[in-house]
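Only one chain is included here, represented as structure tokens and corresponding to the form predicted on its own.
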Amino acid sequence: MIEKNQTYQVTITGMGEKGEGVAKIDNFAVFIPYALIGETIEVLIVKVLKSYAYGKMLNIIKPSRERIEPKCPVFYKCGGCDLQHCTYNQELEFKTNKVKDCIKRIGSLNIKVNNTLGYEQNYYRNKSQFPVSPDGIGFYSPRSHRVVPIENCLTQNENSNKAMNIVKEFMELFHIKPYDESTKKGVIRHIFTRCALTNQVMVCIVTATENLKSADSLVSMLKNEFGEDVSVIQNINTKNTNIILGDKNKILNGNGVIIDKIGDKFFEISPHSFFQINPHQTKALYDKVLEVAQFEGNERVLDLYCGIGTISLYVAPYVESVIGVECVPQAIENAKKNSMLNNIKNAEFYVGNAEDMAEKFPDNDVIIVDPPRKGCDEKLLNTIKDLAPKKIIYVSCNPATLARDLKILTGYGYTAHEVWPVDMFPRTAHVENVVLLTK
């Protein structure tokens, strides 16, 4: 029987959902962070549950050929990345196998899962969220709210790193206190940034107070680095919550939005807007949507969970009409503006929950869904069954809920075709997917 605080020598035979190594001790699964398939290691058991355990790697006896030295000096302390200790080819293989496992085990489907479409790159994230604490500014350590200080994150846009360091300097110069979660005192809670392919920069300072002392000086420091038009916003969040952004914004410089682009389409983005974080791979993802859809030009499309209209407007030139639905009013305002910004006249946008609004638009040939990690609401899947579109295009950021929903939709008479994983989040365990279903 496996015991806590005991040391074992094991061989890693698989990888878990978050990229951790998996070994078996007397047929008991042990999950071990930072261990790779094929490695023989010495592990300390730190937690034993009913059907599995967690271990801490103490020593690598036989390393994998895919193991590399992480480029980030705080990788093993920071929770921002999962896979900097392996080659990128190994990471892509892990993601492909992760999707295959979910499709087969959860979805009970025997369909082709293609190799993950990757693009190895640093500084790819166009949105950053740096927590600020008495420990410093950086990212949370895994499974905690203890901040690991950083100066240059390899996954964040270089301008985001610069903005974070400028705010850090500002706080030191003007004695602005970081927010302390334990005492509920202090001023700055988060530094939230967006950096566009158009070279526009947004810096949003999330504060626990209405007042931000010496804000004009911060604006000057940011303008010196990013130019006169840099968008600087104070977001006020006085609640005791893990939600980063509050409801109230004060525009300190610029007009409170920036313009980014995907392919040849431009999008106005506010602090609360959802926008894919990897611009290069977003284009690859949306191009894959067009490829699998095989639009002929006469289709009527319903885009559910449309956000600020990115997919809607990307496919609009190839179809007769698009209707986008999103529950966030501000996102729909952005979507309407983005439609005008791109001179697209065959797209309409409506506010509402996807599961409530879908039945109001019955005459559509194609339904596109791009839900949050929890997947589609059961009521929505039932409505889609009743609407009976010829095609469903499912875009997913969670292979597990994708597999669950595909199982339901195939039970309604749809055929799920091959799965296309796209690596939107290099060096993390996350993977995006596109699937076509036909009636």
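Since the structure is predicted, the reported quantities are computational estimates derived from the model, not experimental observations. Sequential numbering from 1, following the sequence displayed.
Heads up, the form predicted together with a small molecule isn't pictured, but that's what we're talking about next.
- Among the residues Ser160, Asn334, Thr310, Ser231, the one placing a heavy atom within 4.5 Å of the small molecule in the predicted bound form is Thr310.
- Distance criterion of 4.5 Å from any heavy atom to the small molecule in the predicted bound form singles out Glu355 from the list Asp82, Glu299, Glu355, Glu268.
- Under a 4.5 angstroms non-hydrogen atom cutoff, the small molecule in the predicted bound form has Asp370 among its neighbouring residues.
- By the criterion of a heavy atom within 4.5 Å, Asp260 is excluded from the residues contacting the small molecule in the predicted bound form.
- Among residues of the shown chain, Cys327 is one whose heavy atoms approach the small molecule to within 4.5 Å in the predicted bound form.
- The small molecule in the predicted bound form is approached by Gln276, whose closest heavy atom lies within 4.5 angstroms of it.
- Screening 316-324, 347-355, 245-253, 205-213 for residues having heavy atoms within 4.5 Å of the small molecule in the predicted bound form returns a single hit, 347-355.
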